[in-house]
Each structure stands twice: as structure tokens, then as C-alpha cells.
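Just one chain is shown here, as C-alpha cells, and it is the form predicted on its own.
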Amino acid sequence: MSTLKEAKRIVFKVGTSTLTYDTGKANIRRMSKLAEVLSDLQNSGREVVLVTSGAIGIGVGKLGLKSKPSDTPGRQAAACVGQCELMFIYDKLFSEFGHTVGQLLITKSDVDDPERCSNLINTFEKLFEFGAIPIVNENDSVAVDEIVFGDNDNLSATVAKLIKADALVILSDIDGLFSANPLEDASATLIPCVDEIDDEIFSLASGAGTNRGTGGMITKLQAAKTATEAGITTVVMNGYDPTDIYKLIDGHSVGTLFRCK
């Protein structure tokens, strides 16, 4: 884990299931602790990026809907409401720890178009120069199938590549990669380190995440593969207690470490 101790520019990704309760309402205690830890890392001289899910989920809760809409316009409307609430909470929490945040809403076409991608990278670099913390989400309010990443695990890996991050940390509702599905196999054990993400490793992934999320272990492996092939060390860990990030940064074994090429 020594690479994490030395990492200067780190992308953190947090999922909807980590940010919210089953009610769809924001888990303020966890979000506050996450903002505190990331602010502290920024204070230490590191550059921090937060890729956050949660717009649709929080929008569903704020609108009082019983479940996530099944139609695209419904999900986009929920995202409009939820993104406002999400950034309001982040802005308030990070400001309490003396930090300014900047919102970037991205679609796949923003990355695929060379000019827009260049502008995006320049914006990130200026935010770093100004000492602000970039908070990134997919632009769910306007995205349609042909321009979406589809999940923020892969978005976080793309962002990490764009800004030449040293490390990517994916905070989830699971402890990391297991030898089998721990919900189905009591003998499943956590795999602390993966040197190569091959077909055998992908075969260990199953499930599509919670009813509040869009991914699952398969998208985290895809993200880890993208990042590690770009020379970016990646960790998948449980985000239940954000202070565990300190253990990771201090060099302790937390979650599953995917070594870069």
C-alpha cells in the first residue's frame, strides 16, 4: 500500500448506496465524515477529486417518490432535483472545513470530443491551482444512452486518466473483491491484492449492486482495469466509515488493492 502513502493526486468515488439511507434520503453523518476526511487530505497537500453518485437517488427521496422512475424523463427529472440537493449538502459540509468545491457534470461526449475534453482538463487543472475540490457526476439530466458512461465507477476511472491521478479509491457498500459472493457463500474471503485483472478475476464478480445503485463489482473491476492499465493504483473499499481512508493512506491493507501495470 506504499503507493497510496505517496499519492499526491487522488480520485475518490462514492456510490449512492453509501451516500443515502434506504429511504433515499441523504446519510448526512456519513457525508459529513467523508467531507471532513477529504478536506483533511487536501490540507495535507494532496489534490482531491470526488466523483459522486446520488443525484437520482436523492431526487427520488426529495420528491417523495416510492421508487426510482423507470422511464428516462422521470430519472432525468429526479436527477435535476437531486443534483441541486446533493451539491447544496456538499457545499455546506466542505465549507465547514474551510474548502471550496466546484461542480463538473460530464457526459461521455465531453470526453470523446477533443476540444471539449481539453477544456475539461484545463478546468480541472485551474481548480487544483485555485485550491478547490472538484466534485464530479454524470450529467444525468441531459444524458441519453449514446452519450452516457452508464455508471460512475467507469466515470471515475476516466476522470483519473484525464487528470493523470496517482490513485483511484472506490468507496462502496462492500469490503472489496471476494473469492466468491459473500452474500451467498459463507466461506468467501476478501482478496487483499490483485496483480492482474484477467478473466478469472472478472469471473468472481456477480450482481448488479443495490436497488439504489447502478453498478456492482463488475463495473468496479472494469474501472480498476482501465485505471491500472493507465498506471493508476486502484482500491475498492467499504465506505461505511470514511475514516478508514486514513488507514489506507497510512499504508495499511484496506479493501482490495489493484496494482497498476
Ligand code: GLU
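For every residue, the number given is its place in the sequence shown, counted from 1. Keep in mind the model is a prediction, meaning the values are calculated, not measured.
Note that the form predicted in complex with glutamic acid (GLU) isn't included here; everything after this is about it.
Highlighted residues Thr158, Thr226 and Thr234: none comes within 4.5 Å of glutamic acid (GLU) in the model of the complex, counting any heavy atom. Stretch-level contact analysis of 39-47, 52-60, 189-197, 24-32 against glutamic acid (GLU) in the model of the complex, using heavy atoms and a 4.5 Å limit, identifies 52-60.
A residue is said to contact a partner when one of its heavy atoms sits within 4.5 Å of a partner heavy atom; Thr16 meets this definition for glutamic acid (GLU) in the model of the complex. Not displayed here, glutamic acid (GLU) is approached by Asn137 to within 4.5 Å at the level of heavy atoms in the model of the complex.
Contacts between stretch 27-48 and glutamic acid (GLU), counted in the model of the complex as any heavy atom lying within 4.5 Å, involve no residue at all.
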